[in-house]
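As structure tokens, one chain now follows by itself in the form predicted alone.
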């Protein structure tokens, strides 16, 4: 009888010890932090993905915009969160490759995050106004070299992807000292940057395809270059590789899902299953493809390798052109 009681006691103790580990994730709503403002590329992508994700998750998915410091404010809030899967991040090229490459001081590093998967690529498109006499990249580069100071490019601010993209493209095409030869015009956002080209305030812009899709479709902007390996639907422009500049294929925007360092393997696996189904949703794919995005889910290791490779490319460019921001 005593032996039987001991077995019952041990069984009860075992249940207490293993109970929490067997708890089904998620048991409460999950917050997805969007580190940029409403209406931007990150916000559009994350909220579009939240549609099919919300149908798969057993508890509500709460999307929250935490903006500031070029994506750093929202990113650090996730880095500092408990690594339990209840606070996740819609990570972006600006917050996790451009910022680390360009800014000397950041309140986080890439090592502070676990990437579940990059799921969207936004190729970069360089474009001029439809009314411009510049018809090709050859025309643009020839003008920049022949008339230093006559060419300008707009961006969403100093240290943004657009800032880096304009300099990187000019540098790749052999424009020496591109930030001196061409004029950088920083503005408050991507919309203002595109409008500046339309108005003739800036000569060209290099930004995510999703930000230019409507301008190109309405024949307001003329694309000169896309950074995809293959031609991009909706953008009648040569690829960088077809012009002999495969190195520019690294110049892309992207969106992925990340959690804080220490995220449990089972939580990561659950998110990978959700993402696998959500990114195959026809409505989501159609919505994002029309914006010029390429939807393809990378596994965690592929995501990390891609992000690290992009970071190294951008860091070298920043060093070569002395673009680092100290503040």
Partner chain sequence: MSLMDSLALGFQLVFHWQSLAALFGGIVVGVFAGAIPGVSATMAVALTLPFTFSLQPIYGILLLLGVYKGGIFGGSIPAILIKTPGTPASSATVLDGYPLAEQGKAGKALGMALYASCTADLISNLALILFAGWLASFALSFGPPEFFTLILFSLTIIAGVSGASLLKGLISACLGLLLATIGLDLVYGTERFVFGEPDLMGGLNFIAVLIGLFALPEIISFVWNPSDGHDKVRSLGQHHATFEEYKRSFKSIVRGSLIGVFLGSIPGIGAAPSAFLSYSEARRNSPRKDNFGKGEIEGVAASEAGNNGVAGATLIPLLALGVPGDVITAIIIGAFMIHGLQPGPMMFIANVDIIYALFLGLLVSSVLLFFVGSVAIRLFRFIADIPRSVLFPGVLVLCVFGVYAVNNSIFDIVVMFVMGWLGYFMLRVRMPAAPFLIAFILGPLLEDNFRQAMLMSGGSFDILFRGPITWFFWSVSVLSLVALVRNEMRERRSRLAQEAA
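Treat the numbers as computed from the prediction; the structure is a model and nothing was measured. Positions refer to the first chain, counted from 1.
Although not depicted, the form predicted together with the partner chain is the subject of the following passage.
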Item checked: Proximity of residue 261 to the partner chain in the predicted complex, heavy atoms at 4.5 Å -> no
I'd like to check something about residue 237: if you look in the predicted complex, is any of its heavy atoms closer than or equal to 4.5 Å to a heavy atom of the partner chain?
no
(request) Determine whether any heavy atom of residue 215 comes within 4.5 Å of a heavy atom of the partner chain in the predicted complex, and answer yes or no. (result) yes
Classify residue 44 as contacting or not contacting the partner chain in the predicted complex by the rule of any non-hydrogen atom within 4.5 angstroms, answering yes or no. yes
In this chain shown alone, the residue from 198, 101, 232, 81 with a heavy atom within 4.5 Å of the partner chain in the predicted complex is 198
The partner chain in the predicted complex has a heavy atom of only one listed residue within 4.5 Å, and of 175, 114, 243, 187 that residue is 187
### Task
Tell me whether 137, 148 and 168, taken together, all sit within 4.5 Å of the partner chain in the predicted complex, counting heavy atoms only.
no
Testing 70-78, 117-125, 250-258, 221-229 against the partner chain in the predicted complex with a 4.5 Å heavy atom criterion leaves exactly one stretch, namely 70-78
When the partner chain is considered in the predicted complex, the residues of 303-320 having a heavy atom within 4.5 Å of it are none
